[in-house]
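Heads up, the chain below is alone and in the form predicted alone; it's given as structure tokens.
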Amino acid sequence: MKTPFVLPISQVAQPLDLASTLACGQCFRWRVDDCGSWNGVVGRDLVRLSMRNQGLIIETSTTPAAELAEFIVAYLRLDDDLPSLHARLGSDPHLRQAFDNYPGLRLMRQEPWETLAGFILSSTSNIPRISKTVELLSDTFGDEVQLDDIKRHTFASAEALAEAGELRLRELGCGFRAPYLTGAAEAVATGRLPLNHLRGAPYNDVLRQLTELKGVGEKIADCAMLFSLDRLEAFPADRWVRKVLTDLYSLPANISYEDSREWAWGKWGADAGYANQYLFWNARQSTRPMRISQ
């Protein structure tokens, strides 16, 4: 067993709630164990994360945890100043309630291909079902990684899914999303969609490139931008968020997706993505709490 690496609490000066961050619907491959540790596949590594009094405990399967620590800091966006965010947006009573309930919820900086693929699979689905399909694709096309007695697989590469084709992806539970996932995989594998070069690119440029993919609308594009491409103003308005906008902010129930985004930008500016995720998770858990799966 490898020695765990401890990222000292002095280096984790920001609030960090692993449960709300890893289970709130922005990623699909993290599982909590009986000890309260979180196991997930990040790149080529099976990673275990837990919080103890001394800081963030990091254990990994392949890369030495001390080497991976800087990546985990970026992955969990520990460079984002949550207290300042809470101060900027705390005059909004609905956001203040969400901050009080989930003070350590953070947006994540994930791998772009896995994020795009996961949200293509999210169309008319739910978090448990998306997680199941993502795991099945990984088990089928990924490489095995092991940490202690836990075995998982890396996420399927774009090349592997493009080669597999639509019929095989339908067999693996992708349903009507199979041709969309295949098309996106082909675009990434051939370089027609240079995902890894879009991080931080202008919002409208990234939106245009993503929505040129068949089956990728603005909501899926906004999810990919917010959770992997450093566009923190992206505002993915799903049914939960649209209900929040209607019930709490008195926006019309039939407001268009574009108008809800413009409204959010006018109210929260570059923090719109964080506002979105806090409002989503607070509404989701206060209305129909999702059981955290192992």
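One rule holds for the numbers: they count along the sequence shown, beginning at 1. What you see is a predicted model; the values in this text were computed from it and never measured.
One more form of this protein, predicted in complex with the DNA, exists but is not displayed; see below.
Contact check for H153: every heavy atom lies farther than 4.5 Å from the DNA in the model of the complex. In the model of the complex, the DNA lies within 4.5 Å of some heavy atom of V216. By the criterion of a heavy atom within 4.5 Å, N101 is excluded from the residues contacting the DNA in the model of the complex.
Contact annotation for I220: at least one heavy atom lies within 4.5 Å of the DNA in the model of the complex.
Note on the interface: of 181 to 189, 93 to 101, 116 to 124, 139 to 147, the segment with non-hydrogen atoms within 4.5 angstroms of the DNA in the model of the complex is 116 to 124.
Scanning R208, R168, R129, R199 against the DNA in the model of the complex with a 4.5 Å heavy atom cut-off leaves one residue, R129. Contact with the DNA in the model of the complex, defined as a heavy atom within 4.5 Å, holds for exactly one of D33, D238, D247, E262, namely D238.
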